[in-house]
Structure formats: C-alpha cells, structure tokens
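We've got the same protein chain twice here, in two forms, each standing alone as structure tokens: structure 1 and structure 2.
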Structure 1
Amino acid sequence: MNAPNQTISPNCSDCPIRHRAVCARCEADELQTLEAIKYYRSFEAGQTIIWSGDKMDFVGSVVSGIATLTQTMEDGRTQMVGLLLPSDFVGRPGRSGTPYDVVATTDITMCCFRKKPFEQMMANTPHVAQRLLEMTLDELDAAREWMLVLGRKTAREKIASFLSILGRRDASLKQDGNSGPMVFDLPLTREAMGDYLGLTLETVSRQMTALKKDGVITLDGKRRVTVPDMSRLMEEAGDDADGGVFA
C-alpha cells in the first residue's frame, strides 16, 4: 500500500459526515473511545489506498473525496464495481483483507480506526455494530439497484441514474433542506463513467449533451453539474421521484 500523508484529526463533533457515519449514534464517552483509536489518512487523486489481497489493519470512513472499487481478473482485465462516497465505510471487521483495489479518484481523506480495538468496541457497544449492519444492508440495496441500472436501463437512463445517485448523496450530506437547484461535482471523468456504466466514452458524452440540451441538467465545464429539478432527473432515470435519498 502506498504510504499516505497523515493530517491532524479534527474533533468527532466537527466531522462533516458525523450524522451518516458508523459512529452516528455514539455518545460523548463512546466518541472519546473512538478518538483514542482513530487517525486520519489523506491520499492524492490516482493513489491506490488498498491493493486487492492486502492485509488490512484498519477500517474507516471516507470523510471527503471519492474512491473507486475495482476488481482485476486473472488475465488482467479490470472492472470498476463500486464507488466510495463520503460517509461510506471501508473494510470489514473480522476479515483480514479486501478483494478489491481501492483507488482515490479525487484527493481523499479517510477517518481510520485500528481494526482490533474497533472490533472490540463493536462487541462492547451493540449500537455501533447495529449501525454498521444498517450501512451494510444499504450497500446491498445499492448493489441491487445498480444491477438494475446496468442490466435493464437505456444509456440515457444509466447516465440520469448515476447523476441522481450523486445528487441525492450530496444533498444528504449537506443536510441543508434546500429545495432549489442541486449543484455537485462529478467524481469521475467521462471515460471512467463509461467504464462504470458499461458505455463507451462517445455514448457518455452524447447522453450528457442530450440531457443538457433538454434542460434536465446544466454543465459548468466538464465536472460541475446543476440539476434544476431533481424529480425531472429521476423521471429520466426511470425512478420513482419520491424514492428518497440514496443510502
């Protein structure tokens, strides 16, 4: 694993993902316990955070930035199988490694916990284990939703689904209750979006342009996206506009 840069860790009470992270229900004394076993790691865009098969001596949460999960076949072919967004949990208590390469797509900061003490805290603090179970089930639901996206949706619906997932997650982290236009940055290049969605670069570019032309989104440069009406975007994705926030 590449040697990361370490930064000074902020207080848990000031954490931007506090309400969504594995520690969301921790009381003050439990946060103090976590403070004693945590450290922050920062990675630059393009840096490998974890190699497939590496032994992991930590678990943790993405605080800021985006990472990809990629699986490599024996013949060298690779497939992006998931994204890690802010508040997503990395690693599995009780397992020594990971089957995926985890690569920073943007500059990323992770709040890491030493694995053995964290596992002990889970045993002593049931609601931490319960919160992790809920997050794991949300992850399973997301994977099943993504199977539908890849297996049944048109190219336009795939792009709209991807944008709606990013937009809803961004809104849930901000907790600002803003009902106006939604603005966020794309974490992937269009080529990487194509890899993730099973589309060519040309198709991704064509569909993004079409959504912009039809007023579903506006673009500022290649990465900044504005969604004037989220329900319209979700209709384009073939989803229920009342479906709630993507977990």
Structure 2
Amino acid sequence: MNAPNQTISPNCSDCPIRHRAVCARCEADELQTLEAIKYYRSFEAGQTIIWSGDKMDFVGSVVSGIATLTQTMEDGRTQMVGLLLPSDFVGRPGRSGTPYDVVATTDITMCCFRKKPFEQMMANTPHVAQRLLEMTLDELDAAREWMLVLGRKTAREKIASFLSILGRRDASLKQDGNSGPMVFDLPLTREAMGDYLGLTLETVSRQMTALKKDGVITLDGKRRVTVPDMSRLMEEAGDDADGGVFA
C-alpha cells in the first residue's frame, strides 16, 4: 500500500534519542550489531505505517515527526491508544503483528532495526531485554493513567490532561529548564485530539475555547499553545500536584 523511502545510514549520531530508547546505547561495544543493522525509514503525513493485524518486521524509534496508534471499530468509531513523539520506541519484540494501526500524523523519520537480528541480539544481551521491559512498563503505566482520563474525567479535565502531558513531553525534549511560560505546538487536529480523548471534535474545540477564555491557556493561531501557569493547568486536569507518567 505504502512504499516508504528507505535509506541506510552508517551511524546514529543524528538520533536525538540517546537518553530514552534502545538506540541510546548504539555506541556500547556489545551493541555494535545494532549499529550494523540499523536503517532509516521515512513516511509522509497521513501514511499508515503499519495496519492493524499486519506483521511488522521491524522495531525502531521515532527520530522526527509524529505518529499515532489507533484502534477502530467496524462502524468507524476510533480510539487513539498511543502517541509516538520523537524518541519513542515502536515495536513488539517477540510479537509478529500489531493490534492497532500506526499512522504518520506528520512527515516522520524512524530509526529501524529488522526484527530478526534485533531479537537475536536481545537474546544475547540481557540488559537490552531489561531496558525493553522497562520501556514497556512505562508504556503500561501511561496506558493505565490514560484509562483514568478516559473513564472518569470531564471533557475539560481531559483537554487539560492532554495539554499538560504534551507540554511536559515537549519541555523534556528540548530540555527546557521550566523557566517562564510553557509554549508548544499541538501536533494533532481537533478531531485527532478527540480520538485520543474519547470526545468529538466539537467538544474539543469548545473546551479549548473555554480554557482560553478562562486564562488557563493562550492560543496563537489554532495550534500554538502557551501555558502561563503550569500548576493551574494541572489543577484543571484534576491531577495530583506531582503529575503523572506518560510516554
């Protein structure tokens, strides 16, 4: 269906992901194999990277761009079950398929490893399996936190939770020393936000407007968000002050 570009790159120095993903250890001696089997792959905005049920012959990390994990019912209702931002890992070592679609929301580049050799390497390198386990536990925590959002929060709280998570993710990526107001771009349309939050796009729009009116956020255009007071936003989200995990 999609014919992705595919380029081989000899080293990982341009991966901005050392600190989170597996790729983080590309230079460790025992992982030189990773370096050897690594390749880059790009997809255009809107392309489906993997279809639900398809076999997936690689694992990898997002280098730049954004993708979503979505589940769809026969009648078209869809729920986003994950958001892949730069540095996030995709892949299910030991599994052949995915139970959800992976869709590029923007143009996206990924750093990939073919699954077979990756798994082989995993079997020989205990700490990689442990690292993978750790990442998977993070994702599980995030998914469970999101269950609370979906099951029990109001529309306003859902939007605030989303913005809060996104803002924190964004800040940690660009290593903001959280000084001053937080500014970031929404990587999703109102409809995609609705699919993440279990809301309609109209409700998303209305609640964004309401948060703006109440001074919780500022909008510059439709997509650029400024949060003058993070703790205020988290209060709106109904979170404990400490905030939560989200990958």
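What you are looking at is a predicted structure, and each value in this text was computed from that prediction instead of being measured. Start at 1 and count along the sequence of structure 1; that gives the residue numbers used here. Each form is matched to the other, and the largest set of C-alpha atoms that superpose within 1.5 Å is called the rigid core.
The chain as displayed in structure 2 is taken from the form predicted together with another copy of the chain. The Cα position of Arg152 differs by less than 2 Å between the two structures after fitting on the rigid core. With the core held fixed between the two structures, Thr105 has its Cα displaced by under 2 Å.
With the core held fixed, Leu140 shows a CA shift below 2 Å between the two structures. Core fit done between the two structures; CA of Met73 shifted by 3.5 Å.
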